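For reference, the chain that follows is the form predicted alone, supplied as structure tokens.
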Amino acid sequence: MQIKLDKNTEYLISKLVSAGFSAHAVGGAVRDSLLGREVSDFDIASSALPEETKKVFSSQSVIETGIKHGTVTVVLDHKPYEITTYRVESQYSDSRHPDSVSFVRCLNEDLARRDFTVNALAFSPQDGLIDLFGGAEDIKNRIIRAVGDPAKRFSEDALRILRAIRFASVLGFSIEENTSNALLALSETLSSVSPERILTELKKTLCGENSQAVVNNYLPVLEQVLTVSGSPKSLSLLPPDFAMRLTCLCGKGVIESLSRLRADNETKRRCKLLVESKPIPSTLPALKQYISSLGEENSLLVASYRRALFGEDNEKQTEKLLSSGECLFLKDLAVKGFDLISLGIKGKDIGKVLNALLNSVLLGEVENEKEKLIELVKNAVL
């Protein structure tokens, strides 16, 4: 398994080492490199204190992004690189944040505080891979395992419970037995995690390649943060779309769940559309009316959702209609508002007449030709 750092990360590590400090790429980027996944950002940990890091890179742009926690950001080629001092953490009184952080000069102490073995990895060109807790072997065996005592790790920070199942879902890993038992036992502590952080983890978890197995195995965990009254075992039938999968999982509880998690309005709108959707019409005129009322994007969303969950075979017909060039929306109508104004129609009546004409076209009562539509209006008005 080969780890290749980008040239800027190599430069930053080399510069710190040349100044007499220890420095390594750490965490998820090292894990993803070993997995052969694309890595866009490497985080660097160093024995240098924040002020010492700033001094080493005094000729570069340095931003104090999280100096209280030991992090400064060096900007190279317009790209930010975080450098964090090795640290240890005190107890977590709120099951979320350490009461205090202490800087240390030893990489081993820093790695020992991390959540999972696959994330407790470090690499530098000088030292190679440093793996104190068997993370590389766990990556090989596709296992998520807590560093040290899993109950202690999850008691320190309850968000790690969701991170564990997120990694299992996204990476396609299984969770080691003791780690699994601990996260299930401590799932009630998720009440200490902010709704926004929960939502971020859920989005990644439900859209992961192993999401169905995670939902099957850890539904009690998800029930701590969601109102689940849907079809959990049907998740894998759906494409990896968060609104679709959340609606499938939560059913009628999806709106309550999203409100609790302070979700954005667009996600709420899409989930509401799905959970309130009715069987899609099978006759052509009714299907045209249905598509027209929902709009192109919403029609495709609902058709995909209902085909996957309820076997309604309207998705291809919906796609075919939308690409056919047929008149389905007001923008497709051969008659426009100014045509009606020339006939003496004014104000709100213009919209009413246009919608009536569109409905007649959708039902096949008149062809979408300007002369025929104008004639229909004249006969109705005069």
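These figures come from a predicted structure and were not determined experimentally. Residue numbers here begin at 1 and follow the sequence given.
Another form exists, predicted in complex with a small molecule; not displayed. Remarks below refer to it.
**Asked** Can you say which of 25-33, 59-67, 345-353, 313-321 gets within 4.5 Å of the small molecule in the predicted complex, counting heavy atoms only?
**Response** Stretch with heavy atoms near the partner: 25-33.
**Prompt:** Quick one: is S174 in contact with the small molecule in the predicted complex, heavy atoms, 4.5 Å cut-off?
**Reply:** No - in the predicted complex, heavy atoms of S174 and the small molecule never come within 4.5 Å of each other.
**Message:** Quick check on D43: any heavy atom within 4.5 Å of the small molecule in the predicted complex?
**Reply:** The answer is yes: D43 has a heavy atom within 4.5 Å of the small molecule.
**Request:** Verify the contact flag for Q289: yes if a non-hydrogen atom of it lies within 4.5 Å of a non-hydrogen atom of the small molecule in the predicted complex, no if not.
**Result:** Judged by the heavy-atom cut-off of 4.5 Å, Q289 is well away from the small molecule in the predicted complex.
**Item:** Partner proximity in the predicted complex: R306 to the small molecule, non-hydrogen atom cutoff 4.5 Å
**Value:** No - in the predicted complex, heavy atoms of R306 and the small molecule never come within 4.5 Å of each other.
**Prompt:** What is the one choice in F123, F167, Y86, F154 with a heavy atom within 4.5 Å of the small molecule in the predicted complex?
**Reply:** If I apply the 4.5 Å criterion carefully, the residue I get is F167.
**Item:** Option touching the small molecule, based on a heavy atom within 4.5 Å in the predicted complex, out of S187, Q212, T227, N119
**Value:** Looking at the other structure, the residue within range turns out to be N119.
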